[in-house]
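Below you will find one chain, with nothing else, as structure tokens; this is the form predicted on its own, and questions on how it binds or moves follow later.
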């Protein structure tokens, strides 16, 4: 009887840990809205990092992070549990950043050339910039389609599969973009070899 009970326990799916993202989402769907705060606290800094590294603007981080979590809150009931919660969350974050960049492009069409020149004119000199600032400025110069996969891989530590799901393209494309991003970065950073070594 005991052996039969043990065998039965082993074949049944394990109950997820209460702190697991999926468990928190299930509890949220079941009506426990307090679990949403736990999800926010757990993932807020990663979301903020992605936003900052994508847009390179401290002032935008909180507003866009708020938009991200508002979108997550509105759509969490429809989460399908087919991929990691973080993959879904990072896709929303990237899309919010892309939306912001699109709006900025549209606005810049209507601005005078002088205004645009003033906004983009400042870049820190190598004397005053520290190494991380030099690298951040270099990353900022990469095209968006190369910059985002690179950040997700090298800064956030996502797998190629997670990145592919987040940016919605094939793994081969992700690998290619990350390779191209790293090669481009090497070229951009070549003049700063002394500062970086």
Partner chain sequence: MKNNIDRKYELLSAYVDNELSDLEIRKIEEDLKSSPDLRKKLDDFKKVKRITSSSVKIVKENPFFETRVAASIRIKEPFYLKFKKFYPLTAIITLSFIIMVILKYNPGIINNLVEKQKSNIAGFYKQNLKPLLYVADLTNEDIFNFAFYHKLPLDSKRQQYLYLSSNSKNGNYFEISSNRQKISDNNLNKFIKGLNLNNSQQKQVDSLLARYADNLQSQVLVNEKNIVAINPNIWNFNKALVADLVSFAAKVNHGKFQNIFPTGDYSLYPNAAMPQLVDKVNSASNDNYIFITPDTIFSDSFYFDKKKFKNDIKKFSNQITKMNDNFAFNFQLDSNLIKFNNFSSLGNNFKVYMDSNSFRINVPNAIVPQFPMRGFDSIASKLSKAGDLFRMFSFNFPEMNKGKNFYYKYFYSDSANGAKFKSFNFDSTFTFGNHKLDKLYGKNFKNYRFANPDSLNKLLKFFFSDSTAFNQKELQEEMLQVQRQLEEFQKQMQQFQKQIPNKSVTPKTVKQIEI
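Everything quoted here is computed from the prediction, not taken from an experiment. Positions refer to the first chain, counted from 1.
The following text describes the form predicted in complex with its partner chain, which does not appear among the structures shown.
A heavy atom within 4.5 Å of its partner chain in the model of the complex is found for exactly one of 140, 145, 44, 27: 44. When contacts are defined as a non-hydrogen atom within 4.5 Å, all of 65, 155 and 175 contact its partner chain in the model of the complex.
For residue 179, a non-hydrogen atom is located within 4.5 Å of its partner chain in the model of the complex, even though that partner is not displayed. Using a 4.5 Å cutoff between non-hydrogen atoms, residue 37 counts as a contact of its partner chain in the model of the complex. Proximity of residue 73 to its partner chain in the model of the complex falls within the 4.5 Å heavy atom cutoff. Although the partner is absent from this view, residue 188 stays clear of its partner chain in the model of the complex, with no non-hydrogen atom inside 4.5 angstroms. Contacts with its partner chain in the model of the complex, taken as any heavy atom within 4.5 Å, map within 52 to 69 to 52, 53, 58, 61, 62, 63, 65, 66, 69.
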